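In the form predicted on its own, a lone chain appears below as structure tokens.
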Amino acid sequence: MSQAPMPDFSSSVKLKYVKLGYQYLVNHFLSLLLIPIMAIIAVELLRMGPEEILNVWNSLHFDIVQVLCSSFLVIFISTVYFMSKPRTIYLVDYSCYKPPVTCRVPFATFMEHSRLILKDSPKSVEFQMRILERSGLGEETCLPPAIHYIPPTPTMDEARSEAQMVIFTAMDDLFKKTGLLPKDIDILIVNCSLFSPTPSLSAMVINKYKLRSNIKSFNLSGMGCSAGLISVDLARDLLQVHPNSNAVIVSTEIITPNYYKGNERAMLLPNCLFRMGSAAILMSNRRSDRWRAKYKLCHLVRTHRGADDKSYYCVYEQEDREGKIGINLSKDLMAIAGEALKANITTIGPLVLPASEQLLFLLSLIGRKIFNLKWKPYIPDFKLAFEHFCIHAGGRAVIDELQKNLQLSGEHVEASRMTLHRFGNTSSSSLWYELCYIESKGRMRRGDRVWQIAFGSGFKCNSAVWKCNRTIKTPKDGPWSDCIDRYPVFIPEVVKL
């Protein structure tokens, strides 16, 4: 029996080394240029000898006025530079809420409740079952107590109880981790998109922990799943103008008042995907926090597509024909998210990509736009700019699309897929569960760069780039502490219910 010939790998191997050589040459061009210049100078100095070098030095005449003026100019320029330089913003630590076992919603429980709540709409029940089978969620995701009742009780009191449970638990854990005292908080930012009571959630936190009367507090609502990075951006701007300060961010989504009990398919999707969660983050501009901080904020880029009608309406809270309120997710959502991502990476690319990738992208752009060459658009290799990726766990389709468009490996999107499987879509806090997953796996090393990507209603795409400040030890507690050894798990395309 004849054997099939082995494929010829020589050409692909040669191309690989050509690309590596090109990247090294472009990225280290200045260093490589400096080496021959330094060699020429060294050879010339050796040729002159010590006596001739000393004679040249002695022949130089220094005017005291010129020396003083030059010194003053150097000091002045240095002072202006350091005073105008933006303050370094640190992420000291963060904490993610871990729901209790009593709040878990296995598939069987979710479907049983759906059949009882929507007993007059078997097609809606079947639709939710098909979505759940392909969602990428696991059996341990959690919903708040009010949703476990039949029928659900989405009252104001129940919504406040959920908010207190997820926010206060995350805050208490953050205080324990960092040693931060409530009276030391200078800035407080709380973001929750769909639940905006009066008094606000930020006021609820201030009342609980008896924070200072001069605290700068903000409550963000309606910003969708990207609100966490919007809060980081706001904290960064405030920390730039308030020296020696710290900021606490709370990112959450309250599920209780937003459970949809109607029959519109586009509005039933959030019921299948969204789950409870919260994160509390401590940021600081204090130099004393430099040594204990986990990360340093490098870049934050926000893209808003709200001027386009399709983008504005693709995630829209509204009433259905029966007057029941829910979130309508448009069928064009993935295409709109792709356009927003394209605009975002166009801005963030020049800030993070190595010179080799930027040059290839520029040449591709010139070839297509100026010379009308039928080249495919060059997609920069972002794997050269980042070691870790935290893609918003909005759903399986979101992660699949970004993995495809950014040409990422399965390991690069592992944190996002496993977070979706274990905790579901926790909205703005999902990025922090993903970061915690990477840390719990012991993969975060000093100098590693992390890219967080979030999408939100409006429509928005926001990116944050962090640099690891120190090698992070595997945490002994946290949301992944009791299950990290089981992950990663295989997630089938369809889970038959």
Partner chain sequence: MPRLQEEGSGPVHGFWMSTVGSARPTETGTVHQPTGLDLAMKLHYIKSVYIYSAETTRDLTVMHVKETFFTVLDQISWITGRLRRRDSGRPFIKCNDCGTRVVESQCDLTVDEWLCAPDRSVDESLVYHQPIGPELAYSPLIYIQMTRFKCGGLAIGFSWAHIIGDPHSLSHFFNLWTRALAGEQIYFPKTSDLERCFQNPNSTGKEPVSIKRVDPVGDLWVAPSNSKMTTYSFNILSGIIWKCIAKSRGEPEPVTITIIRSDPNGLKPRVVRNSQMISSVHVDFSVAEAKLEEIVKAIGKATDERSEINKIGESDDGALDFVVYGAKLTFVDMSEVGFYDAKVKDTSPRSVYCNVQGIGDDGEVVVLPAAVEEEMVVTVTLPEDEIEKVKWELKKCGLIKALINGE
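Fair warning: this is a prediction, and the values are worked out from it, not measured in the lab. Numbering follows the first chain given and starts at 1.
What comes next is about the form predicted together with the partner chain, which is not displayed.
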property: Site check 109, 140 and 150: each within 4.5 Å of the partner chain in the predicted bound form by heavy atom; result: yes
property: Interface stretch in the predicted bound form with the partner chain - options 285-293, 95-103, 389-397, 205-213, non-hydrogen atom within 4.5 Å; result: 95-103
property: 4.5 Å heavy atom contact, residue 115 and the partner chain in the predicted bound form; result: yes
